[in-house]
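Below sits a lone chain in structure tokens, taken as the form predicted alone.
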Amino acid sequence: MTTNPVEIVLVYQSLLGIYGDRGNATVLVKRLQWRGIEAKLTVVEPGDPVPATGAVYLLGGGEDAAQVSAVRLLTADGNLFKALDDGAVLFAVCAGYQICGNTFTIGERDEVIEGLGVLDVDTRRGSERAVGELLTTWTRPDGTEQLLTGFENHGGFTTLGPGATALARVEIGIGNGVDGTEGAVQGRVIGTYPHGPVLARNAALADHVLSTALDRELQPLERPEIDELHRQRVAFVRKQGLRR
């Protein structure tokens, strides 16, 4: 369910916000405002009730203990699940992506923790840590392809179950780490590994999140400087990839 103004909810910044992923909220608000659409940013911290009125909910990156705390608090609160049932979009990055799954592991003993269960994925410690620039190809709902860039920094490898589909295919980097894919999509839940923040680097993905939440296609924005920065970043990542 969307409201007027469109509410963007940044969830647990102090737990899941150590990699600058708050910038994703800023991007979504600004891209709505540029189109003349009124937007509202709600920041929810541990101990605050999560509003059930949001159009888009954002989870970011964090450490093991923060992941466990976030799952416990969100499960007890329950409003994120209600919002998703009402048609909200959840966009989750890195640790936020992992906790959306069925299970993930933490610590040196790889303790298995139950996740939120809104994505049919499971995450386990990988054979290497994924650190560096990531370049992927995302197939949009209309069938066209779009390159996405970001910076990944994660030790978990994620396996998709039958209920989820991959967000993108990896050209350079690790991504999910098991089958050449990156991220996962299930209904109106989108999980992805890269920071950047990723929606600042990839305007097309940001608009897809908003279009999904609003149930309508948004008018294109003429921002050639943003398009040029994206082109430069893709070229840089490809150049770096050739050196690996």
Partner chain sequence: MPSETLRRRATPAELRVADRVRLFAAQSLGNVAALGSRLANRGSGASIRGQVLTRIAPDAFRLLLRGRRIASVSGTNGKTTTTHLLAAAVRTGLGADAGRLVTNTDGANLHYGLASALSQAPTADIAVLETDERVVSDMIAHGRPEVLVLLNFSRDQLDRHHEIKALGRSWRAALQRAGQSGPTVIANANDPLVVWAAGTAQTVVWVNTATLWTADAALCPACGSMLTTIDDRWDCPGCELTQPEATWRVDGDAIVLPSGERVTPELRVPGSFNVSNAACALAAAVELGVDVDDALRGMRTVTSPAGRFATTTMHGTTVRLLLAKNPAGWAEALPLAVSDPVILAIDSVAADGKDVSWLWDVDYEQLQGREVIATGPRAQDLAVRLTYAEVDHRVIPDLAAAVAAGGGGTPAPGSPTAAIDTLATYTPFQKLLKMAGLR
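Predicted, not measured: the structure shown is a model, and the values here were computed from it. Residue numbers count along the first chain shown, from 1.
This protein has a second form, the form predicted in complex with its partner chain, left out of what is shown; the following refers to that one.
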(request) Look at the candidate spot formed by T42, G87 and R216 and say whether its partner chain comes within 4.5 Å of a heavy atom in all three of them in the predicted bound form. (result) no
(request) Using a 4.5 Å heavy atom cut-off, indicate which stretch of 96 to 104, 114 to 122, 145 to 153, 163 to 171 touches its partner chain in the predicted bound form. (result) 145 to 153
(request) Please pick, from D179, E63, D48, E38, the one residue with any non-hydrogen atom lying within 4.5 angstroms of its partner chain in the predicted bound form. (result) E63
(request) Identify, from the list Q186, S211, T26, T53, the residue with a heavy atom within 4.5 Å of its partner chain in the predicted bound form. (result) T26
(request) Flag L73 as yes or no: does it have a non-hydrogen atom within 4.5 angstroms of any non-hydrogen atom of its partner chain in the predicted bound form? (result) yes
(message) Does any part of R129 reach within 4.5 Å of its partner chain in the predicted bound form? Heavy atoms only, please.
(response) yes
(message) Just checking whether L229 would be counted as a contact of its partner chain in the predicted bound form - the rule being heavy atoms within 4.5 angstroms.
(response) yes
(request) Examine V234 and determine whether its closest non-hydrogen atom to its partner chain in the predicted bound form is within 4.5 angstroms. (result) no
(request) Heavy atoms within 4.5 Å of its partner chain in the predicted bound form is the criterion; list the residues of 170 to 203 that meet it. (result) H195, G196, P197, A200, R201
